[in-house]
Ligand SMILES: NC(=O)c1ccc[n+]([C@@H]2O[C@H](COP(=O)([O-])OP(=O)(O)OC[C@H]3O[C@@H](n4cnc5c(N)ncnc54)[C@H](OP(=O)(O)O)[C@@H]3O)[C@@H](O)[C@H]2O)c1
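Only one chain is included here, represented as structure tokens and corresponding to the form predicted alone.
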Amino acid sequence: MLRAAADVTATADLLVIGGDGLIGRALAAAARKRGLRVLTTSRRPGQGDIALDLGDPASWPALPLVGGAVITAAVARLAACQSDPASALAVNVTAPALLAARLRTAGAWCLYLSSDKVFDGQVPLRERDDPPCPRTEYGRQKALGEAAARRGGAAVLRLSKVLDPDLPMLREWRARLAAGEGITPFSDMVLAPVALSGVTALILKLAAGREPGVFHYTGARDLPYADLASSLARALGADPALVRPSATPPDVAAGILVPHSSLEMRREQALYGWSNPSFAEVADEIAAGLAKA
């Protein structure tokens, strides 16, 4: 059970900010499955327990008393951050700083979800204390968001690419392979993926201990998206010739083709025995989920 501030009766064990997103939905479901009392927020009417638009702090309601909170909401699309940096900055930096400070004042533990993109992708298994060196506007904003949230008392969890069988790209791959149609995954864009189930499990461990500081969760090794597609095709019993790797289009590749997204996980290993999952381990879990879909 998550712990609230001393002598304060919390209305919920966990507040998931952005509870209608991929990680937020899964986190809320996993927490409820463990018997935790969960509240979620959303900027979309009717999609959460609490209406909360991170881009409009003036409209925020009073936050409930909670044991812990996780800020999963973000403007995460690189193109959106690049095309409208001011709007993205309000969500990725300004709002988390305000939320973290308010939650700390109320005695709640808070976690800000960040990204491997705070680094330039030139070094594998990057150290957590290395200075941020982002290559994209999104990475720059997440680095600023980390610093602002930590000043407000929040912990930080940096993630690499999070995979789940429900992702549209993976559902499309499965459907096309099942129909005997080819797919064209990128051969020059890499990922060090983690499974969504592992992300939620680690977050709940951090929340249970009200852990401070910076945490990492990424795969152990970067491989191309084409390797992921081939692994899934094999697991699904599809013709491997249907996987037809292609180069990333120049308009997509600019600034994002880097050789590494992995981060070291010595602290997580020491605290929880939690280490970087292998590429095969994650691909097998995703393939099993796709096979059941």
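Just so it is clear, the structure is predicted and the values come from calculations on it, not from any experiment. Don't overthink the numbering: it's just position in the shown sequence, from 1.
Although not depicted, the form predicted in complex with the ligand is the subject of the following passage.
In short, of 227 to 235, 244 to 252, 50 to 58, 32 to 40 it is 50 to 58 that has heavy atoms within 4.5 Å of the ligand in the predicted complex. Checking Ala73, Val118, Ala100, Ala192 for any heavy atom within 4.5 Å of the ligand in the predicted complex turns up a single hit: Ala73. Residue Tyr138 is the only one of Phe215, Tyr138, Trp173, Trp109 with a heavy atom lying within 4.5 Å of the ligand in the predicted complex. The ligand in the predicted complex is approached by Ser160, whose closest heavy atom lies within 4.5 angstroms of it. Using a 4.5 angstroms threshold between heavy atoms, Leu271 stays clear of the ligand in the predicted complex. Residue contact check for Ile23: one or more of its heavy atoms lie within 4.5 Å of the ligand in the predicted complex. Though the partner is left out of this view, Val91 does reach within 4.5 Å of the ligand in the predicted complex, counting heavy atoms only. Residues of 109 to 125 lying near the ligand in the predicted complex, listed in sequence order, are Leu113, Ser114, Ser115, the criterion being any heavy atom within 4.5 Å.
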